[in-house]
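The chain that follows stands alone, in the form predicted on its own, written as structure tokens.
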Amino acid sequence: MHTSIQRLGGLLAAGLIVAACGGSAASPAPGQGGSGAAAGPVDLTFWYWAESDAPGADKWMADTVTAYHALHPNVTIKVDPQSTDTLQSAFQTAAASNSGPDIASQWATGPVLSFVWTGAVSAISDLVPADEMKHWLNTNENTYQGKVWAAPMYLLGIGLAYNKDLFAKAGVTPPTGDRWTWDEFLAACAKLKAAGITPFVGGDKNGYLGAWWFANVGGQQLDSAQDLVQAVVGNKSFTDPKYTGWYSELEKLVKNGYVNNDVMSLDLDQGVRLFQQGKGAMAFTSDGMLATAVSQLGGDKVGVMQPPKWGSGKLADAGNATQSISFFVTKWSAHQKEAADFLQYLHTPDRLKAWYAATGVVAADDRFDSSLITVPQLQQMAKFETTGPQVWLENWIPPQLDGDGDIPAGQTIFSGSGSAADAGALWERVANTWRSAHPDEVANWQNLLK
């Protein structure tokens, strides 16, 4: 969700402006876009974010706008890359004045729906044919009151990468299936540490490693994302072990010395580099991070499994893939149909193929040609991301609770500055503050329980 995978990188490069040109008002041929653009001049502005998730996305978008040029020569698209740190606040300012881009980007579910609730977003399902949208994956993340409000582009999930050579040195056997139980994970960590190997490496200086642990393990006692929303709106307490008891397990991991000592001195991506350099046996990994590890360590030395199973709720068996960033048409745009047509164009066969060639990230479309994935470890990740139900739990909390509760709670554990009980109390305190200050937002979140 919305800080997690999505915020791996820092700020994006400076703005990208490309003229897109194309044909007439007539509908294009199949595979060339949606319902077509207007005959007169059309100027669209796209506040775009994706490069931090998927390096290469900026160049792909520039090429895509140029390709759209051949279909709609009367359309000019200005692509304005957004900063990770101001993605939400910048659009809040735009929404307050009912002016700004025609197309915008936000992380899925909570961030998208928060702007739906303030009337800043037009439902994409009102603008794109159902026969097209049926191919898009993970649209459930932005579905509300029977409508889909934003378009996906790609899927990102998190796996647990491991170094086969270090496992062999410590006498650790990988799981026979897709994952370990939590006890098996801890037993492997103990063997690795006894062999002088750091079992798990990461970085939580920016707080995102803790957010990844929450998204992957924190919900394993829950049966659905709506269970989490019960605590968000105050029907349940975050101090209940069902919601934050998992911090006790993370605390044991840190206190037993199973995590690198400098975890609080490194940002998330810096921590993963330790694994890519062979300095740790395991690390959480995205598809792109895994590809780098395979390249640097060698394909025969890297394996990947799903995160360990700790809880007994239904979400313990769910995958963690998310569409991450979502693209939507703004309510104030004077060219909503043309904006939606461009978003539909992103899902044409040529653009899907070009997307993977540029980024190595799986497209959120069932027409994506999986044979393009040739690295076995990435094939395994794609299987994890497209099999069974998928929930990225961080998408299902308000941004304030994420930034002021989720992120510092994990830092409390990794730094050793507080206990699991302190982490749970922090979540509840921040939730109470948010509920008191934003009763209108609470009412909107309660609608997700209906």
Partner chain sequence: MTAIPRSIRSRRRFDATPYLFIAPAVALIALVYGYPIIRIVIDSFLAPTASGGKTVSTANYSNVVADPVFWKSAGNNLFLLIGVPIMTALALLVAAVLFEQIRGWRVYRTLVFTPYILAVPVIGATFVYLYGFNGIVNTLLRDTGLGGLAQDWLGSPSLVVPSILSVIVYREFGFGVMLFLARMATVNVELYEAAMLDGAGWWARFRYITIPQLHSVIGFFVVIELITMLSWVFAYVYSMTGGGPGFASSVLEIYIWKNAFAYRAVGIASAVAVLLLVATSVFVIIQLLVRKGDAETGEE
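Predicted model, so just to flag it, every value in this text is computed and none were measured. Numbering follows the first chain given and starts at 1.
The form predicted together with the partner chain is left out here; the points below concern that form.
Heavy atoms within 4.5 Å of the partner chain in the model of the complex belong, among the stretches 299 to 307, 220 to 228, 339 to 347, 112 to 120, to residues of 112 to 120.
Only one of Asp366, Glu132, Asp85, Asp317 lies close to the partner chain in the model of the complex, with a heavy atom inside 4.5 Å, and it is Asp85. With the partner omitted here, the residue from Asn140, Ser265, Ser370, Ser295 that has a non-hydrogen atom within 4.5 angstroms of the partner chain in the model of the complex is Ser265. Contact check for Thr66: every heavy atom lies farther than 4.5 Å from the partner chain in the model of the complex. In the model of the complex, none of the heavy atoms of Lys236 sits within 4.5 Å of a heavy atom of the partner chain.
In the model of the complex, at least one heavy atom of Asp404 sits within 4.5 Å of the partner chain.
In the model of the complex, the partner chain lies within 4.5 Å of some heavy atom of Pro399. The putative spot formed by Thr244, Gln277 and Gln390 is not touched by the partner chain in the model of the complex; no residue has a non-hydrogen atom within 4.5 angstroms of it.
Taking the partner chain as positioned in the model of the complex, the only residue of 204 to 232 that brings a heavy atom within 4.5 Å of it is Lys205.
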